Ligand code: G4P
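One chain is shown next in structure tokens, namely the form predicted on its own.
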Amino acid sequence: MTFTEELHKRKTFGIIAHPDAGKTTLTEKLLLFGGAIQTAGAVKSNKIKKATTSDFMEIEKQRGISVATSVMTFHYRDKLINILDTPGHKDFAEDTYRTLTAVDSVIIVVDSVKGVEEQTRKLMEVCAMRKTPVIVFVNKLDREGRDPFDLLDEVEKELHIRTRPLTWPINRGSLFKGVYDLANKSLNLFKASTTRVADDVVAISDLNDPYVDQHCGKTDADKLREDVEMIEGVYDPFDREEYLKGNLAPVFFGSAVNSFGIQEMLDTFVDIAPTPQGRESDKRFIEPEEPKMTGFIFKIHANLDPKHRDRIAFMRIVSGKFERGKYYHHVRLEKDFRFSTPVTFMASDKNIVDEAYPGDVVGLYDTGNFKIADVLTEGEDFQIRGIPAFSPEIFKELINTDPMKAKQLEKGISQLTDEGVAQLFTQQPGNRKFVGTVGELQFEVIQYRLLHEYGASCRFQPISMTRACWLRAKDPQKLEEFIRFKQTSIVNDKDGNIVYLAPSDWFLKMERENNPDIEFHFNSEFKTERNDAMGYVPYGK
């Protein structure tokens, strides 16, 4: 197969939603339809009866939530599809935001009972700024939910995107009969099944076919005819170009837990979703067709397999062909590296891969050489733009509760904060450790993982700090003077940079006014710091 054929064979997308909308369940059912798994577990409330494929961390299985992006690959209709299932909880939004830099399109899951929720709006804002094509899947039609037309109006109003339904539900809740495929003029009749693929798809010549009345009942059949007539009159025909520009979202209805309504969406996704796209760098736009390999790190995960204590850097291939055992240039370190065991993923299962193409996500075993946003090339030096950096909003001191495990704690907190979801600061004298995050739940996850993955027991003690500022000054004496006067608020990050922890926004404002010769930066990436979705992201602003 030629390079061009390999390129056009691939589709890479992310699934995003508010917590409990059914995102991870939908991910698993897509794998079921793709033949990647034979049976699926169901997530009910926050209790796991049978853990889903993409939630492989022990804490995810216990809490019933996704706390880390997982990567899965499967084949469907001669296409190679890469799914990135993201955390829905707002405390893990950094992981989701970075994942959106590694995908070419997105499926948004909307709960038909609750409608568009807060986290969905925030994630859609990032998609809109990046012009990412979006498909909407309205989930849980087997529950007593909202009117479909009201839901479409809410999606358009809240997510600021035009919609075009491509399937339409026949009733809902306990009276849910199935969906009508508007494009293919076919009925998919509902049967509850959490573990198998539905196959009752019936093609009809038009909605006046007696079959519709026979299997849906006259009342629901007449309502379906009225709804379809209204859809064709109110909504513009589906336009793929508008979808690819991020202006129009096709909408599908179904029940992920019952494996229903997914086939129509998956088939349409394969037909319309974009092939791997290039990325903007600080030098030029990198086209996927370019022969030289380019890739960037968007995620790092320690102990993907706790038995082997492995640390894996997730790299999205942007251009060229990645080959196992070949040397590539690490731009930040200005060194060349080769990788003898690169892997592709099915959640926690890994397979060694000999070559990968644009759109693919490759796992690179890492001994500490990679950071988020690092770039590998075949020699050219540049940085990929648009990978967000975050300013912590909650700070706590890390207290060791088992002095005999001090080394394990030191190693564990260093590796976990390398993943990019929390930042580690050290204060001298005393070697005090402070951790900064954007969400409270992060501390619980870190504490759990330190104990279960490193055997290190700890607790977190709140401190009166609200903002971290990286300091820089043209006059070293001015900086030294500031550090001397503010010693109790001065720490170092993992790279040794000087950071001021401000007790409040008012204190920070005063310090900036009183020290005009000192630069206060809200993240460590001084050269690329930009207050928008393409750079620094002030969470919740």
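As the structure is a computational prediction, the values presented were derived from the model and not from experiment. All residue numbers refer to positions in the sequence shown, first residue = 1.
One more form of this protein, predicted together with this ligand, exists but is not displayed; see below.
Q: Taking the shortest heavy atom distance, is Val134 within 4.5 Å of this ligand in the predicted complex?
A: Val134 lies outside the contact set for this ligand.
Q: Although the partner isn't part of this model, could you tell me whether Thr12 comes within 4.5 Å of this ligand in the predicted complex, counting any heavy atom of the residue?
A: Thr12: no contact with this ligand in the predicted complex.
Q: Give a yes/no on whether Ala256 approaches this ligand to within 4.5 Å in the predicted complex, heavy atoms considered.
A: Heavy-atom contact with this ligand at 4.5 Å: present for Ala256.
Q: Does this ligand get within 4.5 angstroms of any non-hydrogen atom of Thr99 in the predicted complex?
A: Result no; Thr99 lies far from this ligand in the predicted complex.
Q: Heavy atoms within 4.5 Å of this ligand in the predicted complex: which of the stretches 456-464, 141-149, 331-339, 123-131 has them?
A: Contact criterion met by 141-149 only.
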